[in-house]
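Just one chain is shown here, as structure tokens, and it is the form predicted alone.
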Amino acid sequence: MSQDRRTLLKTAAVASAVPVVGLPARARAQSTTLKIGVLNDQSGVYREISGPTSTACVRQAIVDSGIAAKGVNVEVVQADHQNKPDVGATIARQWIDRDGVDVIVDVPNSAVALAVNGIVREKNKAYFNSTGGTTELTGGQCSPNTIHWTYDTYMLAKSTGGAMVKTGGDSWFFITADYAFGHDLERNTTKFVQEAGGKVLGSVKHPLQSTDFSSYLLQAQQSRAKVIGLANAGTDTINSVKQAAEFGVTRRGTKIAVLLMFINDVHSLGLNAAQGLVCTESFYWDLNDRTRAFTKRVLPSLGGNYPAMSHAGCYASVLHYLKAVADMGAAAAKASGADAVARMKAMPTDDDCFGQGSIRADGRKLHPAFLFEVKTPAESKGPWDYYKLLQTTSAEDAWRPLSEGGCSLIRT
């Protein structure tokens, strides 16, 4: 490690957020303005894994890109879709038609993500999804205007689900969020469990933003499955894990497979409750020198939160977009979102969050996936020091094969 965590935290705590430096008035009058809309959950179940932290990471990408020095102004707007597809669709349409938004970023909740996907394609703008998990974005509903950046349910199922089966968890019961993401995650995990010789004994669906998981956990225990798979996210995952601990589920020998968990969830749970849980992320702030450097730059803007892979995806996708803008010209990027995305696909990716990578023809961003185990309180050496790396799945192996997605952009 090039510098220890204490130095990083001390430096970040006293640093000031770097402002976006504008150009002189005459230069601004002659420049092109791009507008980026951060659409996510600002107040509900996914606030900590998206919300204001995603917006701060987008602003950091603009600063780091140096685009202002090239005569391009970038404005950022944000809105709360309330985890409702109709609300998200209405905001996206108004942003594009009324407010001149060129790019929409983030969009947790797969149902909302798919609704926005269709509108952006219709309006020929650009869309970088970081926090929605459905593989439909690169499958049956793939679009020349969309890049799916950070993770998806196939990657999570293969990394976390596959690892659990290999360690003896060969019978499963799912507690699943009842919308597109949860269904997709359960379906993909079932595939890997069965391919490894395991079996699924049952599942139960719960509404988004549930608070009482007692009946679901009881059904899971009654199935006598070795693994309870949590196909949910955000505070639903937090509540599931907390209540499983309260009911002594793991003391009876049952394992909890958290199929999607972010470092912010671990922080909310605390290490006493979260220790030993296994999860997959494609970014961790303390993974290497580059991830630590990014975290040091953005941390003063986060109000005490830390970046998870979802936030890192917002940063990296916007940074790569602005590189493409510099390459093709801002006017051309504004004129056609599909052309901007095509230019992004043609360029190799490289940033402090994910390192070097690429974007496939179906819009899938390729980078490694990391399987982490949550540390015990004794193992943690400081704030947000929560993960130890168990295994890495390469960029070539982590994602659904291109031939299996059914994307209409792929020539057979």
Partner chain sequence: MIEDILFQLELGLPQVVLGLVNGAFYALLSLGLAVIFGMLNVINFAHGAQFMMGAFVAWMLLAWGGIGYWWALVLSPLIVGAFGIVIEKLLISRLYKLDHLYGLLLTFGLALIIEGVFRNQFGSSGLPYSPPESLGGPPVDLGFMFLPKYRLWVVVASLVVSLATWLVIEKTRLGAYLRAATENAALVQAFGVNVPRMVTLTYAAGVALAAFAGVLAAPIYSVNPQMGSSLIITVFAVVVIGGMGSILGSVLTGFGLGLVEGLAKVFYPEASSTVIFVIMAIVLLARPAGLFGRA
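Numbering follows the first chain given and starts at 1. In this text the structure is predicted, and so the values were computed from the model without any measurement.
Just so it is clear, the following notes concern the form predicted together with its partner chain, a form of the same protein that is not shown.
Although its partner chain is omitted here, in the predicted complex all of V204, N239 and Q243 have a heavy atom within 4.5 Å of it. Picking from 186 to 194, 277 to 285, 137 to 145, 264 to 272 the stretch near its partner chain in the predicted complex, with a 4.5 Å limit on heavy atoms, gives 264 to 272. Of the residues given (Q219, N124, T167, T90), Q219 alone sits with a heavy atom within 4.5 Å of its partner chain in the predicted complex. Here is the short version: of D212, D86, D97, E75, the single residue with a heavy atom within 4.5 Å of its partner chain in the predicted complex is D212.
Under a 4.5 angstroms non-hydrogen atom cutoff, its partner chain in the predicted complex has T235 among its neighbouring residues.
In the predicted complex, its partner chain lies within 4.5 Å of some heavy atom of Q42. In the predicted complex, G248 approaches its partner chain with a heavy atom inside 4.5 Å. Proximity of R47 to its partner chain in the predicted complex: non-hydrogen atoms within 4.5 Å are present.
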